[in-house]
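Starting off, we have a lone chain in the form predicted alone, written out as structure tokens.
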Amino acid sequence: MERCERIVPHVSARDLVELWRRKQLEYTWLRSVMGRYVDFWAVTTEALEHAAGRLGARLDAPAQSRLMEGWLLLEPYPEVRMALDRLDRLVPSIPLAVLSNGSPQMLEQVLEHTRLRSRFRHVLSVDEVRIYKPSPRVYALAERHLGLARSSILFVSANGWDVAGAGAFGFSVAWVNRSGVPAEALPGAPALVVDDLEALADALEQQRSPPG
């Protein structure tokens, strides 16, 4: 948000970010239905161009580049590092993995920037199957790379539509519902709803603790 305020001061940064994100997701779904895949960096660029044009934001090439760079400099929520360590200790036999719409290069750069790359044994991108979530072909990547049945995988997401897609595929799903929004009226209900990753680690510890 602050980056948008600095680079495009003549429009509402909140409006730009919200429309940009909405179009980013819409374009992944539309391109999946149309069978016209391009990677997530290209989709994100297209979404920015549309959002800026719709709001009357004048973006030259350097401004657009600086806005796009923001996707590579994302910061994790404060509890993430410690929570990931706890989750890894809870189920050491099952590796932590990323399964994302992001392109491989985007994912590697973000994980290196956040210093979280070492936490994940697998970093899986939809680029391998050239279609976006919530296609079952994307979720099947986790089965294939982890060598586990879908029923043995706990899928964690903050996005309600992703929760529905993963649940419909057959994963056990934990929804990190930080904003407290209602569940989507779709198949694939989550098995667990938590406020953040620390709460997820707490819940899994309680499930694994023997009764007192």
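Please read all numbers here as calculations on a predicted model, not as lab measurements. For every residue, the number given is its place in the sequence shown, counted from 1.
FYI, the form predicted together with a further copy of the same chain isn't displayed, but the following is about it.
Asks: Contact check in the model of the complex: Leu96, Arg117 and Phe120 versus a further copy of the same chain, with a cutoff of 4.5 Å between any heavy atoms. Do all three pass?
Replies: Negative, none of the three is within 4.5 Å.
Asks: Using 4.5 Å between non-hydrogen atoms, is Pro134 touching a further copy of the same chain in the model of the complex?
Replies: Result yes; Pro134 sits at the interface with a further copy of the same chain in the model of the complex.
Asks: Do Arg21 and a further copy of the same chain share at least one heavy atom pair within 4.5 Å in the model of the complex?
Replies: Result no; Arg21 lies far from a further copy of the same chain in the model of the complex.
Asks: Examine Ala61 and determine whether its closest non-hydrogen atom to a further copy of the same chain in the model of the complex is within 4.5 angstroms.
Replies: Ala61 lies outside the contact set for a further copy of the same chain.
Asks: With the partner left out of view, is Arg66 within 4.5 angstroms of a further copy of the same chain in the model of the complex by any non-hydrogen atom?
Replies: Taking the distances in the model of the complex, the answer for Arg66 is no, it never comes within 4.5 Å of a further copy of the same chain.
Asks: Determine the residues of 146-171 with a heavy atom within 4.5 Å of a further copy of the same chain in the model of the complex and present them in sequence order; the list may be empty.
Replies: Trp161, Ala164, Gly165, Ala168 sit within 4.5 Å of the partner.
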